[in-house]
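Let's start with one chain on its own, the form predicted on its own, as structure tokens.
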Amino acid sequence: MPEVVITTDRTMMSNHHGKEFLGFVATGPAIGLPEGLWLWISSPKPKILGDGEPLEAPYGLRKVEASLIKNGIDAKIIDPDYLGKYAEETKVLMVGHHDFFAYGPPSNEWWLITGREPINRISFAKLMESEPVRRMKKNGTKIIAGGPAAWQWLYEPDKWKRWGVDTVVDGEAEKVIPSLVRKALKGEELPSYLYVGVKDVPLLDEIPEIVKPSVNGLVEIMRGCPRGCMFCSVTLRPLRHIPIEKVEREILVNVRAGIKRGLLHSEDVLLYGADGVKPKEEPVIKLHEMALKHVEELAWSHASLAAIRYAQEKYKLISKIMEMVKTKQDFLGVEVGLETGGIELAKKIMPAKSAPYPVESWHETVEEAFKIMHENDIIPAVTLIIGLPEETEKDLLQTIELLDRLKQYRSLIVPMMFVPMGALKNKEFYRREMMTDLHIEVLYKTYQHSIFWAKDILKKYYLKSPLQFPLRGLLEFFIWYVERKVNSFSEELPILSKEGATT
């Protein structure tokens, strides 16, 4: 039995039917469907090895596991349904999550609009209140929590105390976690909150390689981001490009385990090997040639709209990449950040978001990038932040204008309520009472846009295998249900016409 068990709740411990985007369904409450069915759509149980270890596990947990193993500590990731087998012997229980309490986007948006707790929050609470976790704590097990959402524990001190969490680690953990776990194993006093500053983040040669497969073949190619957007915590980390040989070794860990999908993770995949914010052709081409040599299906985690525009205009790089990708699949999925259409607001909070193009041409850059993706069968999930500090009516009107220009381009636009992070972490959360008529119009336009294109995407690209028809049917029902609710909602709003335009 391992001394250290690493786990998370069901919304994270899943491969989401091999479709990473379906995991976002767990950020909302069960709408129009029973909770169990909603959870199955977003987060079905993974394939489990004989001892309760999942075949695939979240990449962040795999990095922590690799760091501990590298330092001689007996650690293993265990599916939450199998924790009971380890309750008596576990000395340290480590829990990670991307959104422990649903304060992050888009969970907080669903919560604000519906007034109902998102599934991910409910699921995590069930894990921490489960009989095996309570038994571990009674037996003296130390509990360490961490991950991208570590900051959320500061807003839930009652649960922190009630669940007996000994330490919360906020930041890149690989370098600091072995010594912390050794202290826990020895019964030494632990810090209640450990913030990992710039001096303590791992250098390239200190980042361990995963030793067991990650969910949907996710592998990291970069850390940090050079754009410096004030609302993002990633910009607080130093920029590091993972050597391609290291990326390939991690891909092979997944492939040898039978996971033939690949997900390249970076805040901006097109900046791999770049100097600053201008993509370079050679390192990006080599990265994709290497990845496609090993995997049968490929996706990107994130790319910036400015990098998409520049890469295509300078090198025809998007067309070249998609020519390679389409030898194996029909489309490529990615998350991109629109954030705001307000030019003055963009100047204040994300002046380098449009670089190397001037921020004044942000609308042009956004539309050009959308057009490039549409023409090359790249399907973006687009984030748009509502309620940013210093947002004005003019900013919202410019956002509405930009959304109208984007109607013709295939994409899912996901509105998110402002969450204080990064350089804006001391600002105020966006709350329901802050919502204005213009905010409502922005929301309505994004829902109109996404419902229209979700139908197109399902019809032409998504879940086409006969085995996936039941899941496809449930998603079609969900889209129909949301469309009906949105149309019903719009009839009650005097500021909206049937087309969603300002009256």
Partner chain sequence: MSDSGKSISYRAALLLDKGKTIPQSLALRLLQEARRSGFRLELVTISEEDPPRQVNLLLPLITANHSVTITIQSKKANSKEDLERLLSNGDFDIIYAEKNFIENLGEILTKTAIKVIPYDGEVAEKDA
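Numbering follows the first chain given and starts at 1. Bear in mind the structure is a predicted one, so any value in this text is a computation, not a measurement.
Omitted here: the form predicted together with its partner chain. The next part is about that form.
Using heavy atoms only and a 4.5 Å cut-off, determine which of Pro208, Pro415, Gly147, Pro178 is in contact with its partner chain in the predicted complex. In short, Pro178.
Can you work out which of Leu239, Leu397, Leu190, Ala125 has a heavy atom no more than 4.5 Å from its partner chain in the predicted complex? Residue within 4.5 Å of the partner: Leu190.
Would you please decide whether Gly276 lies within 4.5 angstroms of its partner chain in the predicted complex, comparing each non-hydrogen atom pair? Taking the distances in the predicted complex, the answer for Gly276 is no, it never comes within 4.5 Å of its partner chain.
Given that its partner chain is not shown alongside this chain, does Val196 nevertheless sit within 4.5 Å of it in the predicted complex, heavy atom to heavy atom? Taking the distances in the predicted complex, the answer for Val196 is yes, it comes within 4.5 Å of its partner chain.
In the predicted complex, is there a heavy atom of its partner chain that lies within 4.5 Å of any heavy atom of Ser361, even though the partner is absent here? Ser361 lies outside the contact set for its partner chain.
Please determine whether Glu433 contacts its partner chain in the predicted complex, using a 4.5 Å cut-off between heavy atoms. Answer no; every heavy atom of Glu433 is more than 4.5 Å from its partner chain in the predicted complex.
Okay, which stretch from 259-267, 374-382, 422-430, 341-349 lines its partner chain in the predicted complex, with non-hydrogen atoms inside 4.5 Å? Result for this chain: 422-430.
For the stretch 145-162, I need every residue with any heavy atom inside 4.5 Å of its partner chain in the predicted complex, listed N to C. Residues within 4.5 Å: Leu154, Tyr155, Pro157, Asp158, Trp160, Lys161.
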